[in-house]
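Same protein, same chain, two forms; see structure 1 and structure 2 below, as structure tokens.
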Structure 1
Amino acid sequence: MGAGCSSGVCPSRKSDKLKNSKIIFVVGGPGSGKGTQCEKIVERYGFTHLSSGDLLRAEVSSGSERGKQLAAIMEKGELVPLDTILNMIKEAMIAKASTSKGFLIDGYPREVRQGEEFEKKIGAPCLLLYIDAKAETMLMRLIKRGETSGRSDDTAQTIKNRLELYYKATEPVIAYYQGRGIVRKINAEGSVDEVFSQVANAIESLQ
């Protein structure tokens, strides 16, 4: 471990444990269906699903001081500091590295710099699944999810902020990886199964 690393994981170094891991980025707007599709991928292909949002929400639920700071940011629909989320993802990946067939990184990168840092400190993705739904579709799904999710960010004003931030910060991520030829665009307007059949084709094109 390098100097200055007090936790078990040093964010400034690539981990040997992860160097042969298959990494898939799952990118799309809030409510596009990333989590839903990842669950189905796990069921069929046995990959490890790491949702940046779920990792953060777990930290918030723990009641830690860090969790309290994160909660304040997330309630506004803003992005949490890059190092915080990258460390959490890396820790979770290392914990599963010896048994995982591959990692679905859901909800990250949210901006191009997050992608660059991930590659420096963890590794390169072999596929980016771009879960593409119209703004009205995402809005409708989120409002419906908000009725039962208990998520503090599934409210009308926060949803609006998250959608705006998605178009401004995250869409450039797709263009960035398109240049490398690893983006598979998935039309996410249909039913869960219709969307999944496209997702499955993209995953199978990897093997």
Structure 2
Amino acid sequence: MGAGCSSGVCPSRKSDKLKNSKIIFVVGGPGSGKGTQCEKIVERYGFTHLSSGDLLRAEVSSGSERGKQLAAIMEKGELVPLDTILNMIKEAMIAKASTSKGFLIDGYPREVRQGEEFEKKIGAPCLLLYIDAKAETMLMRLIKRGETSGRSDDTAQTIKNRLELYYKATEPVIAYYQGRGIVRKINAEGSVDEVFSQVANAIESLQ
């Protein structure tokens, strides 16, 4: 199920440690509650939660050679090369392979090509959790968060722009994996626990 190599598409894989790992893609808009759900999955099921954004930030703040290169790219407002992000995710997965029950890849892939490259380099997902909240719900949650967080990107107009970009990027990804039959759509309108009971059902159906 977690082994995506049967078709011989990943000869570049450095390590067989990931061969039978459960890989779950977690997709959800800003304010969908995706981060909270990931925390609860880690707590209950012993998965490792990996976010490409967190990995990038950690690398930059480490002051490593690669971190300096990434900082320079991001300061120019350019996109970090896909290969670099995949290598970072892969290294983080290999480091945790012996102790982790599986991997939550959070906020990734953002486009179909990223998903295809991930499968070539690392492995195939056995599930895509789509944490789906209405646009109005996400907007309200983020505005509320902005009142206390002081984050400059939590203004109503900026949030609307982010949601628009999110939908544009995500719809083809969801459609692609729906075609593979691995998408589980989670209604994220309820309480944290109500949402998590749906998430738990989806994960337990993999056992």
Ligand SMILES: Nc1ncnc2c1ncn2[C@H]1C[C@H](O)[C@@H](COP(=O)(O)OP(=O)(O)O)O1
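Take the two forms, find the largest set of C-alpha atoms that superpose within 1.5 Å, and that set is the rigid core. The first residue in the sequence of structure 1 is number 1, and each one after it adds one. Note that this is a predicted model, so its numbers are computed, not measured.
### Between structure 1 and structure 2, the form predicted in complex with the ligand
Note: form predicted in complex with the ligand is structure 1; the other is not.
### Query
So with the core overlaid, does the Cα of A58 end up 2 Å or more away between structure 1 and structure 2?
After core superposition, the displacement of the A58 C-alpha between structure 1 and structure 2 reaches the 2 Å mark, so yes.
### Query
Using the core for the fit, does the CA position of I182 change by 2 Å or more between structure 1 and structure 2?
Shift at I182: below 2 Å after core fit.
### Message
With both forms fitted on the core, check whether the Cα of I73 differs by 2 Å or more between structure 1 and structure 2.
### Response
Yes; I73 is a residue whose C-alpha shifts (by 2 Å or more) between structure 1 and structure 2 when the cores are overlaid.
### Query
Can you give the CA shift of N161 between structure 1 and structure 2, in Å, with the two forms fit on their core?
Between its two positions, the C-alpha of N161 lies 3.1 Å apart after core fitting.
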